[in-house]
Structures are given as C-alpha cells and as structure tokens.
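Consider the single chain below, provided in structure tokens and representing the form predicted on its own.
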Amino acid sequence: LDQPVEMKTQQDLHVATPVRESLALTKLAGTSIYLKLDSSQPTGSFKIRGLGHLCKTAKRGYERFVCCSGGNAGMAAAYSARKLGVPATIIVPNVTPNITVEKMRDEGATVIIHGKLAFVYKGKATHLWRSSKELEHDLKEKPGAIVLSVGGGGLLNGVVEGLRRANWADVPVVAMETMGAHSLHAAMEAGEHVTLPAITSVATTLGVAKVSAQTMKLSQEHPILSEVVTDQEAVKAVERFVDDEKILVEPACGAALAAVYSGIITRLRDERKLPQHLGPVVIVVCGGNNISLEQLDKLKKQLGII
C-alpha cells in the first residue's frame, strides 16, 4: 500500500465467551467441571483475544500484518486484518490442514506455506487475562483449578495474570501437553529453559519447541501441575467431546479435555496434588481450526484408534 491504512473499527475483535457446567464431564471427574468456551470466538479459538488486541492497537500507518502461525494465530490475524481493513500475510508450516489455509484465504489473507513446525515462542500475554475476568464474573465463586493446553505458553501466562488480578493467585493451573509437543513439561523436568529437538505430535498447534521465558518464570512462581498425554488420548478426547457437548475442537484442545477423559483430575486428587473437596474445575476450551470430521477420521486411522 502506498498510503497509511485507516483502521475501520475501534471495537474489540473478540467476544465474551460463555462459561457453563458440563454434566457429562462432571460425572466422569466426580467433581464440578465448567467449560470456558473460547471455541465460540469468531475465529474458532482464544487466539483472537491477544492478536485482535495487538492488531487493533497497532500504530496507524502499518501497511500489512505478517504472522507466522501453526493455524489459529494466523486465523486471528487474518480475521483482524479483514475487520480493520489491513492486508495480511500468514506464513504456516506444511503440516497445516488445507481447510485451515482455505479459511485464512477466505478472510482475504495471503497465505505462504513454508517449512516444518518448530516455533520458539516469544509472545506476550496481551489481553488474555480478560478471559479470567469473565470467569470471575460468571462463576461467582473461586475455582478449584484451571485446566488448559500449553503450546508456547501465552494462554497460561494470561490466565495466571487474570488469576492474580482476581486475588486467586493460589488457584492451581493444570497445564496439559501432548507427548512430542511437551516443551513446558520438559523444561520443568529439567529445571531449565530447554528446547525440544523436534515436534512429533499431531497436535500441531501445540508445536512450540521452547516455551516463552515468562511461562518458565511462572512455572517457578505459580502452582502449575504439568501433565502430558499421548496423541491417542488427545484425539479420543476430541471425539468424546463431540458426543458429550456437540462441539468439535482440534487435538491441541483435546489435550486439555483429556485431563478429565483420561482420569488425570481424579488421579491428581488421589495423589493429594489437588484437594479432595475441590471447587469448580474450569477447562479452557481453546477451540482450534485445524480440525474437521474428515480430519478427525484421518487422525484416528493414523493413530490406530478403532
């Protein structure tokens, strides 16, 4: 563009998403389970919270937004760019499903497919803490734990910030990852900020070789319980969630849901890492674009799930 771009909107690009109880997951876990449904964001994932705010508050005169993404951040950037009247270029790895690439192009973005997935996360938790503000408003009581998936750590960083602002700094966070994308777990086990040699998980949007420095810092300050599930467990959780809640999410989100479906919340209570008398457990349903019924079927076949 030859001239500075005039932004079209001053409204937030994300929406306040519902928090509701899940009777099916409550029955499985033996304790109250609530769902923070960021899957209902206009871009299908929580990423619009941070990316939308960043794009909207960018200085006037920016001629193009450029985003490297495993899928969901790219969707958020593409959507934000369209809403703001700014061109966007999204660079995605070659493992990104075609359906996600097409969605970005439908938003008007130029999409470049290049290389493999091995990001090092250096982002900030910009605006993500507001999802915890919504939790504070909707729950009416202090949660017993927050369950979320971890890729680069932005969601975890934002949630912890929100918990602190709500004076809930002692609420534990159960940080879920898949084996082969377990950069936080590896760092906490090693006691230092390590880099995974490769990303091998099918949960490609968790595929960050090294979590953010802020996430590593918070792992030493905040009660964080790091748990790892297999790809099979994450994909099975996706399928069961469709049956239970009629919501389709990608395997990266399935990692968080597996905290219930694979019995991790029950085990953590049995091990006294979580209290027996637990307040409402909130699972952040982060959503995701890298999924369809066809893609779910392919993943099941790839992983040998009958």
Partner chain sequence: MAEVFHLKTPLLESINMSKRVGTTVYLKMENAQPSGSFKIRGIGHLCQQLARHSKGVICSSGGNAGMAAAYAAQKMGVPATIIVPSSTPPLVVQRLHDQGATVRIAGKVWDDANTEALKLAETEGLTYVPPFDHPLLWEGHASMIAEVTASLGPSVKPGAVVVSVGGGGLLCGVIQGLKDVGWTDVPIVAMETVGAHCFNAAIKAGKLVTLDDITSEAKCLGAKTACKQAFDYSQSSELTIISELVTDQQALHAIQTFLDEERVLVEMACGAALAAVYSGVIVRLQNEGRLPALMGPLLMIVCGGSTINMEQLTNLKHKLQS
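Numbering follows the first chain given and starts at 1. Because the structure is predicted, anything quoted here is derived from the model rather than measured.
Below, we refer to the form predicted in complex with the partner chain, which is not included among the displayed structures.
- Among the residues 268, 54, 68, 37, the one placing a heavy atom within 4.5 Å of the partner chain in the predicted complex is 37.
- Mapping the unseen interface onto this chain, residue 20 counts among the residues with a heavy atom inside 4.5 Å of the partner chain in the predicted complex.
- Taking non-hydrogen atoms only, residue 83 approaches the partner chain to within 4.5 angstroms in the predicted complex.
- The closest heavy atom approach of residue 273 to the partner chain in the predicted complex falls outside 4.5 Å.
- A residue is said to contact a partner when one of its heavy atoms sits within 4.5 Å of a partner heavy atom; residue 58 fails this definition for the partner chain in the predicted complex, lying far away.
- Of the candidate stretches 197-205, 217-225, 97-105, 176-184, only 97-105 has residues with heavy atoms within 4.5 Å of the partner chain in the predicted complex.
- Contacts between stretch 269-291 and the partner chain, counted in the predicted complex as any heavy atom lying within 4.5 Å, involve 288, 289, 291, listed in sequence order.
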